[in-house]
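The chain that follows stands alone, in the form predicted on its own, written as structure tokens.
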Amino acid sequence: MKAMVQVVLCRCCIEVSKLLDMERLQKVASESNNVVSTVAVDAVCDGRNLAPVMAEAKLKEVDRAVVLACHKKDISPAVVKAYRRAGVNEYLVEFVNIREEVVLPHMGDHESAQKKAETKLRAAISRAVLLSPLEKLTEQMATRNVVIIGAGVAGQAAASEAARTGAHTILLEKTGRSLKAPGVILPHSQVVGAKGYGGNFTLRIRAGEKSEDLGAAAVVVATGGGWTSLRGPLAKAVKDAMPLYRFYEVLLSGSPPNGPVVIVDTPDPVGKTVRVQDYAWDETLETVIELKKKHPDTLVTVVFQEMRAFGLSELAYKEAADIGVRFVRYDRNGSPKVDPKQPNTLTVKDLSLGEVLSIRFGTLVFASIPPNEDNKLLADALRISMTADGGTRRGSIQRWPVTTPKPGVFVCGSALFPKSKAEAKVEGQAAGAMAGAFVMRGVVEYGGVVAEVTQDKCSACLTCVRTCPYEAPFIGTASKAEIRIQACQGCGMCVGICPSKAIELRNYTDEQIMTETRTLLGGDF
């Protein structure tokens, strides 16, 4: 059966219509085989402009489409929804990011931009003709549990927000401290293993000496920072030094500080054991202001490489300086040191003054928040990736900042990287709301663009099983690789690495890719 293609050209951005000859593009499209409809619209992302496009699609009995517009993620929801109503399978809609891939790189060269746009249009049409209709399948979730790992500010906020959606929350806290949060609270508990996929996870939980399996539809990673794992030469030199949160607890208890107080950004200023990155400066400023208000005669010095008092925290910085807190900035060439012969004196080169200062202290406090060591264990258990700084890797920072690349796993607070309590709370609320909404769907949607194995070619080498970050491939009863399509995210890693070339990605087959490539390069190879 002949493919019936509709080409949609978007001219919404000023740059597009100004640089490209849209009529010429329409002529190229209309002269291509299988194209039965060519339409130019003012804004594809505006659903109101799609009504006449869909009317023509129905009239011409279109079964697939090529859309030249902006980034796929910006426009695909509205376009796919419209085509679905018009009876076109969503996997037969091909997108070309003509704005970012053609217009912006060639702003000063009309001919190059036009030629590239026409080439990409022809390549997209050649690929669209070969696409196959795919379907999404659903599977019931076995539970409505949202498991939150970590019961700090972010974790408690996530639990409250997830419970508000109607989900059942289970809060895991590795300490035994008393908490108030909705749902079930499991003290002295942590995740040591996991299997399954978003919507139907099975977590291995260790509670004290016992281990048991726990079903979860979604997981929120809110492990916070690694306050208790501070290491470095300053921590080694001053045995009774303490992290900021512990000093704040002492301050709130009413106990006066022991002598002059010096707060240093990190116990390892050179960064050999702790990466010098973001610190709890909001909390530092809050603490020193509280300290000076309660004990105005106490000498307080804050020693730092970089002060990141964002937004309204600048006002707290000014207030702290006005009430007598001294701020000393240094760089690595003049980093703070403690001489064992003078264990209560910190020497540091003030970057502003260019002088080496000797600062006596009775209490030494560290404001750094190194990554939580639990992050690595959780990343291995949940099969999620980490950043170079030791935090949990998030999804798109612009669109989905509290998600991870693995569906059903969300992240918030200092599990990502150090941040203030206010930021952690807001992120916890966002992660909890998204996890709750995910769980309350009640079904897992899967399928579409997923990998599939040609059993005759498979040598059962386990390469795909070891490589896949989602644990989708497995060796089945026939001793050949199979794909658990509920877990597959269509990343294509197994396709590229399979030595037997036994795996293909639906709608990204070798034939489809080679046909598009030949059109792009204008050759036959």
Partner chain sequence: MTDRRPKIVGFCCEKHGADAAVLAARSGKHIDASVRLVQVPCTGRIDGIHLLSALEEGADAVFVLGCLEKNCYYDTGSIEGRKRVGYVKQVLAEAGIEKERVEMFNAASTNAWAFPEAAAKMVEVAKRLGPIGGGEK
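Keep in mind that this is a model prediction, so the values were computed, not measured. Residue numbers count along the first chain shown, from 1.
Not pictured, yet referred to below: the form predicted in complex with the partner chain.
In the model of the complex, residue 100 approaches the partner chain with a heavy atom inside 4.5 Å.
For the chain shown alone, residue 399 is a contact residue for the partner chain in the model of the complex, at least one non-hydrogen atom being within 4.5 angstroms. Interface membership of residue 350, defined by any non-hydrogen atom within 4.5 Å of the partner chain in the model of the complex, is ruled out. With a 4.5 Å cutoff on heavy atoms, residue 81 does not count as touching the partner chain in the model of the complex; it lies far away. Think of it this way: in the model of the complex, the partner chain has a heavy atom of just one of 421, 329, 204, 116 within 4.5 Å, and the residue is 116. A single residue from the set 385, 211, 345, 454 has any heavy atom within 4.5 angstroms of the partner chain in the model of the complex; that residue is 385. Contact with the partner chain in the model of the complex, judged as any non-hydrogen atom within 4.5 angstroms, is confined among 291 to 299, 70 to 78, 158 to 166, 189 to 197 to 70 to 78. Contacts with the partner chain in the model of the complex, taken as any heavy atom within 4.5 Å, map within 486 to 517 to 489, 490, 491, 492, 493, 495, 496, 497, 501, 505, 508, 509, 510, 513, 514, 516, 517.
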